[in-house]
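Heads up, the chain below is alone and in the form predicted on its own; it's given as structure tokens.
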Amino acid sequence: MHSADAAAGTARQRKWPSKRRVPVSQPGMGDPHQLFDDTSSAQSRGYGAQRAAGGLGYPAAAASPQATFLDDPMSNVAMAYGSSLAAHGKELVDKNINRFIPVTKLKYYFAVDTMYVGRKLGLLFFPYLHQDWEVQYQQDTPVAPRFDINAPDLYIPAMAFITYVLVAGLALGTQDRFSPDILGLQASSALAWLTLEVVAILLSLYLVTVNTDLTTIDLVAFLGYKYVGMIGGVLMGLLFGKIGYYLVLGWCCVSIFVFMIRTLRLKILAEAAAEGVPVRGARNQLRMYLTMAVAAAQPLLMYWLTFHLVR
């Protein structure tokens, strides 16, 4: 009896497991007993995805249009075709330029240095002190101007022409007569006279039948040296009036006359001597007159292009 009651008490004291349902957390839902959502895991997952996509923690950059264009096979073919056309066009341009403008020869006339420019300017102002006027040659080719003071160059004439135009503008400005039209007329008239000189000398050389190595560029160089004296005359006229202008311009006119005589006679008369033409022959006399006419035209043009700039 007692054993039965003990068994019944044991059965009543045994507890069975609770069958209460535990809510299962679904994706995107937090714990119902939690006041705030934990977003650290989502942020970390997003940050990691960004790093994986872009590298070094930066988002991946979109492909540029240039890169997309270069990846296209047709664009590569078009670029290659365009490059070949550009190269062919450059070759044609260089060939035509060399035909009409000898670029290689022009480099020779600009092969100068500071020492040459200083000595050449001294020669233009004081040609009476110079003795040797022969141009030096090396293997039938004249040496560069920086090695021979007697060689013609284009640097001094070009710079002198530009300086002359600037000085003319300064002179016109001091007299309240400056205007772009007048300055342009001054520059164009100087170029026109230079062109007329070159054409007249070439025609005279052809008519006199002079076989000389005097080229057109040589003529431009020799005729352009007169701008140096013109600059000196105008500057002295601005500083000291007409007296300074006439004194300096007169000296420069005589100097350029002597310079042209001594330079051109080696280019024109020396060829006659080499051909065996008599000194007192008719053709040789014409060559002497031509040389003196070219030299005498320089002072006249120097005065004509500057006298109205000084008042």
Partner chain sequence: MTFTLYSLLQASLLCLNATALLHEERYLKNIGWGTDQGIGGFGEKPGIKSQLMNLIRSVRTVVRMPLIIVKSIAIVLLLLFG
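Since we're looking at a predicted model, the values are computed, not measured. Positions refer to the first chain, counted from 1.
Missing here is the form predicted together with the partner chain; even so, the following discussion is about that form.
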Counting only non-hydrogen atoms, which stretch in 189-197, 81-89, 219-227, 122-130 is within 4.5 Å of the partner chain in the model of the complex? 189-197
Indicate whether V258 is a 4.5 Å heavy atom neighbour of the partner chain in the model of the complex. no
Would you check, heavy atoms only and a 4.5 Å threshold, whether T141 touches the partner chain in the model of the complex? no
Quick one: is Y206 in contact with the partner chain in the model of the complex, heavy atoms, 4.5 Å cut-off? yes
With heavy atoms only and a cut-off of 4.5 Å, decide whether V77 touches the partner chain in the model of the complex. no
Scan V254, L266, L286, L247 and let me know which has any heavy atom within 4.5 Å of the partner chain in the model of the complex. L286
Out of 165-181, which residues reach within 4.5 Å of the partner chain in the model of the complex, heavy atoms considered? none
